[in-house]
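First comes one chain, alone, set out as structure tokens in the form predicted alone.
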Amino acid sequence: MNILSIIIFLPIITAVLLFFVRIPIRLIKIIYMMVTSMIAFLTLKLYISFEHHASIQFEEMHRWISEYGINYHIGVDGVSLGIVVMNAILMPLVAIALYKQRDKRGYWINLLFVQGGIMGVALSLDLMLFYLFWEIMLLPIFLMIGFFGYGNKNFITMKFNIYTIFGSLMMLISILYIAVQYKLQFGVYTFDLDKLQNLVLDSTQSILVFSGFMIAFAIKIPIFPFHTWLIDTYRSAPTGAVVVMSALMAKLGAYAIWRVLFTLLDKTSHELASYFIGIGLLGLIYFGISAMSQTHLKSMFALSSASHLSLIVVGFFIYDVYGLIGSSYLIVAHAISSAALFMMAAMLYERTKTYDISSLGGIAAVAPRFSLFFTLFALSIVGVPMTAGFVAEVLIVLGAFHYNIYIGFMTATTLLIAMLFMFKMISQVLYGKVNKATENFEDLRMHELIALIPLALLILAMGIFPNYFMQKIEPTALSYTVEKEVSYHE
């Protein structure tokens, strides 16, 4: 069996088996760790074996429903590789960080389903397969919020359901429409991304299909104004679900723009690019200013993520090699930092029983290790030098200046907003006087350090040695730009 199929189906099959057997929760956690660790090992092997060129690698194709042109077609390129690696790294570390906090078997079983679903979406080269894994990825999140969430979780789950089902429906309509159009033009159905590039659509058809896909991806990212589910859902969801939504699923929405829209509807994407650059810049400003006024730590992190995802959208739609590489790099860099910060927010809540920023303070005086890691991940979010976030944001700003000097200036200045709200949060949470909530704050425990140290080292490695990581992305990025002869090294 191809290594990609093992990466997709090992967690899903394990989750199904665990669902039907009754074994102690301690054993379920051990099996979860063994499976996710195996996936991480296979993914590391995949990353090392991945060659530096733009074509799809480790490709696997089997006929599935031949009469309707639906095939099991998977493969990996320089952009999907980043999503796969992040998924493989984060899932075992989430379990280590939260090992003592969750004793419900459904919690770990759903996380295994999510891991397989995300791998499937990232690696699918058949649109129907892509849609199937997209739904497999979403269902466990609904269940996790509904069963293990907080506050008004039933209403919030329903609201999240309506948003995502609407987006999925729009995507399914677009998929079926282009399959029918392909049948009309070529006499057979197909959902294969390679073959669908030969499809010819007029301007109106292209915009309608583009809109169907984009609504689904915009909700998942989320892009302004499809964000109104964001804060309530992040506040209500358990930490494992929040990490998955922020670090992986949101990034998958951005990745889908590249994989589906830039591949199938490249001309339409170019024609509409200026609108999405504008929406991205508006999101950067709106989410950044909104984050500054938040007093709830998870709400602030949620809006911070939305702000940086808007930056990723800007980087994609400027269609410059710097922007494409920078956005792809930011997908990985922000996934690491946001996952770590949400895990640390859960550790902070376990110790203080509050997410209220104004009730915190003085943690640096009583918990230096916690403060060190918290500061590092927060600084990577805002793009401080020597961190992964810095490299990604500099490349996007360079690409924006290359696209248009005014867009470049606006992109650079709006990043200052992120610095303002993050430094304000750091000063309120870590510094000031120790109070009742933080006077007995326990520093990081051993299992928490084991979860955070790999993420911190990766943040620093990507900031200090970016070329090692970018050489995997560059050939794919160059194949999507009009200046294919230009290298970002020049």
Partner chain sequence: MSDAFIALAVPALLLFSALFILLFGFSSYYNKNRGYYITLTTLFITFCISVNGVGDIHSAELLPQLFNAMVIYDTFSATFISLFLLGGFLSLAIAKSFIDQTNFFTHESFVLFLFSLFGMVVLTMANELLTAFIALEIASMSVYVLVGLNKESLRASEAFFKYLLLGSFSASFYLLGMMLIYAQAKSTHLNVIAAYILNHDLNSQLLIIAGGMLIIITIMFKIAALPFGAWVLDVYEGASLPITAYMATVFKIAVFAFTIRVFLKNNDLIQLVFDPLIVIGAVITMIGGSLLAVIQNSVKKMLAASSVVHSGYLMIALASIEDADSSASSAIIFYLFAYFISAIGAFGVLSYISKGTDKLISFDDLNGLGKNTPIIAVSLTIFMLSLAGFPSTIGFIGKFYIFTSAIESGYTLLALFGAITAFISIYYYFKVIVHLYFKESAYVKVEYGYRVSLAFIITAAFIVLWGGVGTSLILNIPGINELYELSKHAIQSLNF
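Residue numbers count along the first chain shown, from 1. Being a predicted model, the structure only gives us computed values, none of them experimental.
Although it is not shown, the form predicted together with the partner chain is what the next lines describe.
- Looking at Leu416, you'd find every heavy atom of it more than 4.5 angstroms from the partner chain in the predicted bound form.
- Using a 4.5 Å cutoff between non-hydrogen atoms, Tyr131 counts as a contact of the partner chain in the predicted bound form.
- In the predicted bound form, the partner chain stays beyond 4.5 Å of every heavy atom belonging to Tyr431.
- In the predicted bound form, none of the heavy atoms of Leu282 sits within 4.5 Å of a heavy atom of the partner chain.
- Remark: all three candidate residues (Phe147, Ile162 and Ile173) come within 4.5 Å of the partner chain in the predicted bound form, counting heavy atoms only.
- Note on contacts: among Asp194, Asp356, Glu135, Glu350, the single residue with a heavy atom within 4.5 Å of the partner chain in the predicted bound form is Glu135.
- Though the partner chain is absent from this view, in the predicted bound form it lies within 4.5 Å of a heavy atom of just one residue from Asn154, Thr375, Gln185, Thr263, which is Asn154.
- The chain is drawn here without the partner chain; in the predicted bound form, the stretch among 444 to 452, 32 to 40, 66 to 74, 50 to 58 whose residues come within 4.5 Å of it by any heavy atom is 66 to 74.
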